[in-house]
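Single chain ahead, by itself, as structure tokens, in the form predicted alone.
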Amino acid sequence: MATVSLRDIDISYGATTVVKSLNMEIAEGEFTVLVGPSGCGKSTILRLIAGLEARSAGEVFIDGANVSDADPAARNVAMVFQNYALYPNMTVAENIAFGMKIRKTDPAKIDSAVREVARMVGLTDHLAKRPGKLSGGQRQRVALARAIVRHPKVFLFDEPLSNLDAEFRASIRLELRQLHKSLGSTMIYVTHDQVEAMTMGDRIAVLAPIAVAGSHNLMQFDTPDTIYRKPANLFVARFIGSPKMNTFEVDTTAGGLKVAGREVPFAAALPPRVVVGIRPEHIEVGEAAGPSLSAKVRVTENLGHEYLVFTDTALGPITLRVSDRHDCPRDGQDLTLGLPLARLHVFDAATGERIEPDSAR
């Protein structure tokens, strides 16, 4: 196990800046997920930690040691790639053992380690097979086993589940979390899938492309619960959550803000324009303890365990979740939507930064 510190990191390719002013402190034994859209620098950051990417500025520390200029082999990290990177001419056992053989480890120790890690990831019955005879999920387990057998200080995962179908992704996701608990190792995981981020990470780093973010990529670094319940800015609010948070720009008044024709008191001073957000599951059908507005159902989507209802309102399109199929609104139906005050998020329309709803009276 080891801590990982990224301090004032810049990464540029010519005139193009990919990562700017990045500061992150990853705790020992933590499962940290880097999530964000394409171009936000998440895989580049992972490669930087591994020593496969050059930085323009800043320093990288692993377990307190400055490894900014250290060779990849000297960093004691193991990386699991999206495409598995297995040797097709070798058996599963040979693939797992390859790194140990290169280091001239005692053959008896290699055999013992391979069998133990194969048992850990469920490959005991497949050690004599070659990768071509395995499913995608099994090949990913081989890649994991090859990383585990090295006992690295830090595990690095670069979108390892993106090539798997939904069933395998859910299965391997669970196995990775159980593996993390059993090993207690520091793990850094890159994904564009917010479900993976929310379900796997002890903490999540939400990243944005510099073209969108401006001065730095890191939008928020916190627990999944905090990021979902208290997004630090509009980018995080709109990126995390499926369907995404409903947002609409409103005017402020001397005493607060005006939503759907109703003034909402606010104790703190507000800028002239703010963006109000509310998650689909927090909207109520009918009057609520807060603003309400008329809506017309455009279409509903049946997801089995719930319905998504897409409506048109004076504030723009609004999406809500309905869990009870018997109360699901019908296409074309007129509704009253309630926006509970306690569920509203408020952001500065100019900067996108969160304005704490706790200041509301």
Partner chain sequence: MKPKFLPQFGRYAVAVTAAVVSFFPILWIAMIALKERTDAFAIPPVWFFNPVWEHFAKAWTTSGFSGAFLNSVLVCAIGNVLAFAIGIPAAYLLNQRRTPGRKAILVWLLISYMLPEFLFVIPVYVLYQAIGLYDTVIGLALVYQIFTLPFTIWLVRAFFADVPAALAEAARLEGATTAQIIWKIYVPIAAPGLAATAILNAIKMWNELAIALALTFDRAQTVTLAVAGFRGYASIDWGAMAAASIIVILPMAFFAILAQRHIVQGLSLGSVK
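Residue numbers count along the first chain shown, from 1. Just so we're on the same page, rigid core means the largest C-alpha set that superposes within 1.5 Å between forms. Remember, predicted model here, so these are calculated numbers, not experimental data.
Absent from the display: the form predicted together with the partner chain. The rest refers to it.
A.B. asks: Please state whether every one of the three residues R47, P88 and I102 places a non-hydrogen atom within 4.5 angstroms of the partner chain in the predicted complex.
C.D. replies: Answer is yes for this spot.
A.B. asks: Note which of A128, A254, A73, A166 lies within 4.5 Å of the partner chain in the predicted complex, where distance is taken over heavy atoms; exactly one does.
C.D. replies: If I apply the 4.5 Å criterion carefully, the residue I get is A73.
A.B. asks: Of the residues H180, R173, K153, R150, which one places a heavy atom within 4.5 Å of the partner chain in the predicted complex?
C.D. replies: None of the other options qualify; the answer is R150.
A.B. asks: Spot the stretch among 191-199, 271-279, 208-216, 77-85 with residues whose non-hydrogen atoms come within 4.5 Å of the partner chain in the predicted complex.
C.D. replies: Going by heavy atoms within 4.5 Å, the stretch is 77-85.
A.B. asks: Counting only non-hydrogen atoms and a 4.5 angstroms cut-off, does A57 reach the partner chain in the predicted complex?
C.D. replies: Judged by the heavy-atom cut-off of 4.5 Å, A57 is well away from the partner chain in the predicted complex.
A.B. asks: Residue-level contact is defined here as any heavy atom of the residue lying within 4.5 Å of the partner chain in the predicted complex; does G51 satisfy this criterion?
C.D. replies: Result yes; G51 sits at the interface with the partner chain in the predicted complex.
A.B. asks: Within 4.5 Å, heavy atoms only: does R146 come near the partner chain in the predicted complex?
C.D. replies: Because a heavy atom of R146 falls inside 4.5 Å of the partner chain in the predicted complex, the answer is yes.
A.B. asks: Within 117-138, which residues have a heavy atom closer than or equal to 4.5 Å from the partner chain in the predicted complex?
C.D. replies: If the 4.5 Å heavy-atom criterion is applied to the partner chain in the predicted complex, 117-138 yields nothing.
A.B. asks: Does A170 move its CA by 2 angstroms or more between this form and the one not shown when the core is aligned?
C.D. replies: Comparing forms between this form and the one not shown, the A170 CA shifts below 2 Å.
A.B. asks: Align on the rigid core first; then say whether the Cα of P88 has moved by at least 2 Å between this form and the one not shown.
C.D. replies: Shift at P88: 2 Å or more after core fit.
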